[in-house]
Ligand code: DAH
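One chain comes next, on its own, written as C-alpha cells: the form predicted on its own.
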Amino acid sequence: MEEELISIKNTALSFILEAEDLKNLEEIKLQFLGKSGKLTLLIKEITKVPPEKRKEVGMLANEVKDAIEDAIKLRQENLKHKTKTVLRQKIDVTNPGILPPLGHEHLVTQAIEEISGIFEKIGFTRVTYPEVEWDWFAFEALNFPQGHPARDDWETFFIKGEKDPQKGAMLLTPHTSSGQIREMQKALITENKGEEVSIRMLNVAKCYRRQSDISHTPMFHQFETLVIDKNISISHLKGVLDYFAKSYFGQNRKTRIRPYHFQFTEPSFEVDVTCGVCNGKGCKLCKEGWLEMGGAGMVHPNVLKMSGIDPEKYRGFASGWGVERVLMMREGLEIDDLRLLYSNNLDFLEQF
C-alpha cells in the first residue's frame, strides 16, 4: 500500500507540473482526487490493511493527498499569471476602443426642435396642450358649424363616453388649432389683472385623423402659431411666413399667400413656398415654381369672441402646418411616402 501511495504521488506531481492550461489541470485533479480518482479509490482500501499498520498508512495517504492539492493550487496560480501576462502582451492599449453603437433623435424630433428654435428667436413661446380634447375646443369655439364634415366620425377619432354638457364629446385632437382657444383663455387671466393681452404662441403637438395613404398618417405632427395683440395686420403674418421660410428652407426661398377658406380665420390663405429644386422657375416637381406649405389667416372675430377676447380691441393671425410636410419639402430630402418616417427601416433612419 505504501509503495502504491508513493507511486501515485510521484505520477500526479509529474502530470501537474506538465499541465498546459487550467482545463488540463482540472482533468488531472479529477484523475487523482475525484470520486473515482486513483488516490480516492486507494484510500478506500485502507480498511484492508492490517490494524497495526493502518494508522501509518492513513497518515501517509493524507500526506500524499495534501501534496497533490498543494501542487495543484501552486500550478493554478502560475497558469493564471501566465495567461494574464500573455493577454497584456497581446493587447495594445494605445489602440482606439470599439465604441458601442449610439442612437440619435428621430428625424421628426429633429425637425420639431429646429422649428421651435426658429420661432423662439422672434419671441414665440412654445406651449403644449392636451392630445385628448373636447369638441368645444377643437370645433365649436373655432367657428365650425354643426354638421361640418370635419366633425364627422369618418374624419375625427371620437372617444366613447358620456358627453360633457358644456364641452361636448371627447376626441383625439385633429389639429393644433384647439390650442388657440386655450391660449386666449389663459390670456384673459392677464387682462383681468389690468394688463394688455399679448400672445406669441407656438404649439407643437401630435394630431389624429382617420386618413392613411402616401401623404397622410393617422397620427402626425403640426406646429401652430398664434399672435394676438393690438394693430396686428396681414403684413405681420407675411413677415413671419417669410422669416420662417428663409430660416428653415434657405435664404433664397420666398413665400406667397393665396385666398382660401378656413372656418377659424378671415381672411384665410394657403401659403406657398418657392420650389427648392428650380428656385421658382418651374419643374417636374412643382410644375409652376411653387409648393403648398399650409394654411394661415387672420383670426376670425367669432373665434376671438368665443375665447373672451374683444375683436374691436384686438386682432391676430394664426397658421397651422404639418411638421412632416415641411420636412419633406426641405432641400435635398426626397421622401415620396410620408409613412416611411414612421417605419422601422434602419437603412432609412440611420441616414439622419
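On a predicted model such as this, the values are computed, not experimentally measured, just so you know. When you see a residue number, it is the position in the sequence shown, counting from 1.
Absent from the display: the form predicted in complex with 3,4-dihydroxyphenylalanine. The rest refers to it.
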Taking any heavy atom pair closer than or equal to 4.5 Å as contact, tell me whether V323 reaches 3,4-dihydroxyphenylalanine in the predicted complex. no
I'd like to check something about A61: if you look in the predicted complex, is any of its heavy atoms closer than or equal to 4.5 Å to a heavy atom of 3,4-dihydroxyphenylalanine? no
Exercise: H175 in contact with 3,4-dihydroxyphenylalanine in the predicted complex, heavy atom 4.5 Å: yes
Interface membership of E224, 3,4-dihydroxyphenylalanine in the predicted complex, 4.5 Å heavy atom rule: yes
Just to confirm, with a 4.5 Å cut-off on non-hydrogen atoms, which of F264, F249, W134, F119 contacts 3,4-dihydroxyphenylalanine in the predicted complex? F264
A296, L327, V303, L291: which sits within 4.5 Å of 3,4-dihydroxyphenylalanine in the predicted complex by any heavy atom? A296
Okay, which stretch from 36-44, 22-30, 311-319, 63-71 lines 3,4-dihydroxyphenylalanine in the predicted complex, with non-hydrogen atoms inside 4.5 Å? 311-319
Can you tell me which residues in 137-164 come within 4.5 angstroms of 3,4-dihydroxyphenylalanine in the predicted complex, by heavy atoms? W154
Relative to what is shown, are the Cα atoms of D153 and S177 closer or farther apart in the predicted complex, where the gap shifts by 3 Å or more? closer
Do W154 and K160 have their C-alpha atoms closer or farther apart in the predicted complex than here, with the shift being 3 angstroms or more? farther
